[in-house]
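Shown next as structure tokens: one chain only, the form predicted on its own.
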């Protein structure tokens, strides 16, 4: 990969071009001629509104690539295939995302197809009806999956019922959505203001920008204030136990407010969480899985959203190990203050963080996705390139301070999804002091 460099890991190039069109579309281009392909990532953020309305955005995303005002789904798919291109579209509580790739020589034509479907999707009843039924059924089925149950419970525990509902799709809303509703939604949320287009691959930046400007320059600006809002603050507190009768495994999910990636203290916190549970050599993995055998899937990590981050701890265990697993997690949290990360642990975490990001971002596809995600949460396009130097500059004392500040058991809240009848006797035997964070 080429591109201008200013130190750090040479495998992570800086973007060659980062500019914003007059209509508000931010365009980030990075030349990475590994193979004759260009990766495409278009992100359109929006504000979460009414309860369950995420389903409407998911429905619109599902229809974006099923034809346009000028061609039906078969003609659109044929046009993409002719250029060796593929596109997919999804939506969550914060943004629409279109992901894809194309042969390098076909980039202008595929950008034109992308603009066509984003600006003029086919929203007729014959197209909407089958997708509407599929989405409603998919939401209904997925809502009963253990991971979804745990996620929804944790959202409620952190933010309350109303805020959680704004982040969760409602299958009934999807089933009742009409083409007129979708047309209004498209007009309200799919504008260029705040949108980001990332192109990474075998491209010439000046030519790529000209192609983007040609097809997206007329995209309407849209609502200037339709941007994701930082989630409300939450505090630590007792665990929420969610009964899942018959479950043979328990899902433990813990969370505490953390620092956003734009905060100068974020690198130190990241190193601390790697020592705690964010790597295979971490304290939590060594104690909970390798030594005790209480969990087969676990770890810690940072969940980043625009304007906020959350430190997460996850563990899946057999029902009979739920209470002792929680006791171990609490003990390891307490040990982060009593026995802060040593210099050797911090150095190992630093090496792991630097190497893993370079490896993870080594392909054009992963680099494009990484850049798109980072732009969405509000950091600069050069953040990845500067990550190594930022980590190198973190003193051991800063990691110690982060460990003491953010790993207090009382700062966490969380949920346990488990079979209450199997876990209740173990909870009584363990004692509440070991279980309530």
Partner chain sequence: MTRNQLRRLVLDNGLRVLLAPNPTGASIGVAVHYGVGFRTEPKGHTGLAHLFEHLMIEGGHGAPPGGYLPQVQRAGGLGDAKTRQDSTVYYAAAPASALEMLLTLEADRMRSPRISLRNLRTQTAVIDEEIRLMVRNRPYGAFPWVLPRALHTRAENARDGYGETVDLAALDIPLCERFFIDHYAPGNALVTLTGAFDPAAAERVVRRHFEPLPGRPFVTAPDDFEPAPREDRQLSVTDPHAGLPAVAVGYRMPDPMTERADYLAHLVLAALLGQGRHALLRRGPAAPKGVASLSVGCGLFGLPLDTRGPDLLTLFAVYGGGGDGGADTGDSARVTDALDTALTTLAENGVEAGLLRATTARWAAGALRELGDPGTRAQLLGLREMLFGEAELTERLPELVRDEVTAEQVSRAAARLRSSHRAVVRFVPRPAATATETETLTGTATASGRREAAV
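Residue numbers count along the first chain shown, from 1. Note that the coordinates shown come from a computational prediction; the quantities given were computed from them, not determined experimentally.
This protein has a second form, the form predicted in complex with its partner chain, left out of what is shown; the following refers to that one.
K.L.:
Just checking whether residue 41 would be counted as a contact of its partner chain in the predicted complex - the rule being heavy atoms within 4.5 angstroms.
P.N.:
Yes, residue 41 sits close enough to its partner chain in the predicted complex that at least one of its heavy atoms falls within 4.5 Å.
K.L.:
Given that its partner chain is not shown alongside this chain, does residue 409 nevertheless sit within 4.5 Å of it in the predicted complex, heavy atom to heavy atom?
P.N.:
No.
K.L.:
At the 4.5 Å heavy atom threshold, is residue 141 in contact with its partner chain in the predicted complex?
P.N.:
Because a heavy atom of residue 141 falls inside 4.5 Å of its partner chain in the predicted complex, the answer is yes.
K.L.:
Would you check, heavy atoms only and a 4.5 Å threshold, whether residue 81 touches its partner chain in the predicted complex?
P.N.:
Answer yes; at least one heavy atom of residue 81 falls within 4.5 Å of its partner chain in the predicted complex.
K.L.:
Which of 213, 279, 309, 168 has a heavy atom within 4.5 Å of its partner chain in the predicted complex?
P.N.:
The option sitting close enough to the partner is 279.
K.L.:
Answer with one of 177, 164, 348, 115: the residue that has a non-hydrogen atom within 4.5 Å of its partner chain in the predicted complex.
P.N.:
None of the others qualify; the residue that does is 348.
K.L.:
Can you confirm whether 27, 172 and 273, the three residues that make up this candidate site, all sit within 4.5 Å of its partner chain in the predicted complex, judged by heavy atoms?
P.N.:
Not a single residue of the candidate spot has a heavy atom within 4.5 Å of its partner chain in the predicted complex.
K.L.:
Want to guess which of 180-188, 254-262, 315-323, 154-162 is within 4.5 Å of its partner chain in the predicted complex, heavy atoms only?
P.N.:
Flagged stretch: 315-323.
K.L.:
Go through 286-304 residue by residue and record those having a heavy atom within 4.5 Å of its partner chain in the predicted complex; state none if no residue qualifies.
P.N.:
Sequence-ordered list: 289, 290, 291, 292, 293, 294, 295, 296, 297.
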